[in-house]
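Single chain ahead, written as structure tokens, the form predicted on its own.
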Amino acid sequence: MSALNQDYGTSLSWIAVDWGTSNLRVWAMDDNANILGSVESPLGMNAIAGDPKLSFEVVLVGLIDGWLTKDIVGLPVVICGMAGAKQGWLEAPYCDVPARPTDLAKGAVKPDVRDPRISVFILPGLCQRGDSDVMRGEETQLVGFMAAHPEFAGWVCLPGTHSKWARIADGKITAFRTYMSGEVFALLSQHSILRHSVDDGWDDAAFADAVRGACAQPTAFLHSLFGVRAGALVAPAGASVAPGASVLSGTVIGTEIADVLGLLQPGENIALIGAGKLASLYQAALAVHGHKATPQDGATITLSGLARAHATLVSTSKEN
């Protein structure tokens, strides 16, 4: 839904922004965190960084100018994602785990802006020392998830090119792990010898079997990969061969999940944030191990996390 030229008058209380690497989403919000309107753009961080004629403020104001009346001054704009990266608008230093949602909101940075109608807050990402890891953007989804599930204890999965798993306990994000599963699958299926064995064919049972095998023999990952190719080469003529994509995907995702299951403590649960085919694959892989995890919409949870950050920023402003 686009609302580029919509004037919301006094109903407009603040603006929420999810600024990704490839695109951004913007929402006009009222005092009760209701969505008045929204707009999307392909001008993510990479597009802006690659074009000297663009700037983050110019892109943002170009999208929301129709929402801003002349008498508006300092309207809060709360941004998560890559606008806070080194290559972004203004770097927002990572917040260390363990972290509470309020820690993330209070770590927001404020870039200088020329347009007096807006006041911009860029939220920080999360970092982990020791077992080194970082995230930027997903933490806001985690905050939104925590708002909806305050008693949750366990690991939350956010599938993607670089999948994130975060442990939540006692109202805090206590630890997280990143897995390069999506990128590894793409590299192997497109640029390795396995490309000759991966096509559009798919078999749910073969995927499930590969997930089980990855858990049963997690140290055999590299050997299992070659089996994707060898299985087709040694099969008797006319014999049915499991689709390579199913086996490769099950092996990669299954290895990732096997690692997390080894970290799961008694009484802890697993939740899943995402949508589409990839989230469905993770749901199926978790079901193989008896974990029911219904994918939750990422956009809705992101907006909930931004709303919680806005509430903290407003409260902090009143205290000061």
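In case it trips you up, residue 1 is the first one in the sequence shown, and so on. All figures in this text were calculated on a predicted structure; none of them were measured in a lab.
A second form of this protein, the form predicted together with a further copy of the same chain, is not displayed here; the remarks below concern that form.
Colleague: Would you point out which of 167-175, 127-135, 114-122, 71-79 contains residues with a non-hydrogen atom within 4.5 Å of a further copy of the same chain in the model of the complex?
Modeller: It is 127-135 that comes within 4.5 Å of the partner.
Colleague: Going by heavy atom distances of 4.5 angstroms or less, which of A220, A208, A148, V241 would be at the interface with a further copy of the same chain in the model of the complex?
Modeller: By the 4.5 Å criterion, the partner-contacting residue is A220.
Colleague: With a further copy of the same chain left out of view, which of E40, E268, D259, D30 would have a heavy atom within 4.5 Å of it in the model of the complex?
Modeller: The residue in contact is D259.
Colleague: Closest heavy atom of H191 to a further copy of the same chain in the model of the complex, within 4.5 Å or not?
Modeller: Taking the distances in the model of the complex, the answer for H191 is yes, it comes within 4.5 Å of a further copy of the same chain.
Colleague: Should W89 be counted as a contact of a further copy of the same chain in the model of the complex, where contact means heavy atoms within 4.5 Å?
Modeller: W89: no, not in contact with a further copy of the same chain in the model of the complex.
Colleague: Hey, in the model of the complex, does H162 get a heavy atom within 4.5 angstroms of a further copy of the same chain?
Modeller: H162: yes, in contact with a further copy of the same chain in the model of the complex.
Colleague: Should G213 be counted as a contact of a further copy of the same chain in the model of the complex, where contact means heavy atoms within 4.5 Å?
Modeller: G213 lies outside the contact set for a further copy of the same chain.
Colleague: Using a 4.5 Å heavy atom cutoff, which residues in 220-259 contact a further copy of the same chain in the model of the complex? It's fine if the answer is none.
Modeller: The stretch touches the partner through A220, F221, L222, H223, L225, F226, G227, A230, G231, L233, V234, V252, T255, E256, D259.
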